[in-house]
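Here we start with a single chain on its own, the form predicted on its own, put down as structure tokens.
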Amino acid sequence: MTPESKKIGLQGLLEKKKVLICCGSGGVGKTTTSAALALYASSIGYKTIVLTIDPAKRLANSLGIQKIDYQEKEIPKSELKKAGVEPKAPLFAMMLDTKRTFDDLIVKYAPDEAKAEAILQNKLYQHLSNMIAGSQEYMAMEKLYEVVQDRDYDLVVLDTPPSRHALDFLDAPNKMSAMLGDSVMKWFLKPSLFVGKNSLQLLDRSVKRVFKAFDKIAGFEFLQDLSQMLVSVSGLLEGFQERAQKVELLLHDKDTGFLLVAAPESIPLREAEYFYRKIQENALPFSGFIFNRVQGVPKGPATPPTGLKARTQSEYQEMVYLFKTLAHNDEVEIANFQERMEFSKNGIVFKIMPQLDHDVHDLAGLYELGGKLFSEGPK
């Protein structure tokens, strides 16, 4: 293995990256891993924020706060100290609110306050702002960009949805940019087309039939709301498109890294393989794998202690055999996966996390898990 291909640890990764995007299928401990990574990073001196799209109450409780919302919320130092954590830098948590982020973009790119208010108060905008193609995924990436650019965090950790949905995140900036740059979209937003009922005469026959159908179903009020909204946003396209391109650049930036969380089971590993291939296709900065819940062999003698009854000795030996078999199977799964991925040539994190004998549900548990994540060696 050459020096370039030498695997690195999370500690080394923090020295190189400002944004870590944690991906993976459901049920592999991705959210818990994201929180543990962020907590431990703050404990060693990195001002950190963990962003989540799925505001699970369990995550908020684990972090010692009542709930996570769209505002950055610092984890109380008093709660950290109770858990035995002495952070050298503050830790924050935040939920990604896509609707609010969209509204903020409208305010940012509207030419004046009155125009922005007209859009925000438009009934159709209020109903459709979360339904425009790609908006939810894109707005989450937009908030990530805003946090990275406008805040002074040393580290931003993003907990994404399960992997197939996280691919929507990767494509969202391109989709938004393409949609806003589409000539058909720009034609559709021509103000001259939406002046009043008489403006339907300007449309060709097929488009006119569509609008007349809308008129019958929803009434002319619907067309008026549509007209007002489209005319209002037409002047914002250039700003939106420029921002989408900047978000896309963030995903490819050298300060960004993608961490793939997986478990040594067939379905999660297939998901991980699929996601890894997509990362490679998109030339995104991949930073490594974290394998969670890997079975180990509990400490204890391989042979039964003396003095046990014959039946107990047999059960003991069966239990030892079971744990050794499970551990061997996990080891083989990971080794085969590593061989298929051919990533040993990359300088990446390759961390194997043991199956814990307890659930992680509080700051103390997250801190313990973080310590294992940042420890040297595979476990």
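All of these numbers come straight from a predicted model, not from anything done at the bench. Start at 1 and count along the sequence shown; that's the residue number.
Note that the form predicted in complex with a small molecule isn't included here; everything after this is about it.
Checklist entry - Is the gap between residue 293 and the small molecule in the predicted bound form 4.5 Å or less for some heavy atom pair? => result Looking in the predicted bound form, residue contacts with the small molecule include residue 293, since a heavy atom lies within 4.5 Å.
Q) Does residue 267 reach the small molecule in the predicted bound form, with heavy atoms at most 4.5 Å apart? A) Taking the distances in the predicted bound form, the answer for residue 267 is yes, it comes within 4.5 Å of the small molecule.
- Query: Given that the partner is absent here, does residue 28 sit within 4.5 Å of the small molecule in the predicted bound form, heavy atoms only?
  - Reply: Because a heavy atom of residue 28 falls inside 4.5 Å of the small molecule in the predicted bound form, the answer is yes.
- the small molecule contact in the predicted bound form: residue 14, any heavy atom under 4.5 Å: Close contact is absent here: in the predicted bound form, residue 14 is far from the small molecule, nothing within 4.5 Å, heavy atoms only.
When you measure heavy atoms, are 18, 103 and 108 every one within 4.5 angstroms of the small molecule in the predicted bound form? The answer is no: none of the three residues contacts the partner (heavy atom, 4.5 Å cut-off).
| in the predicted bound form, which of the stretches 28 to 36, 43 to 51, 310 to 318, 334 to 342 has residues with heavy atoms within 4.5 Å of the small molecule? | It is 28 to 36 that comes within 4.5 Å of the partner.
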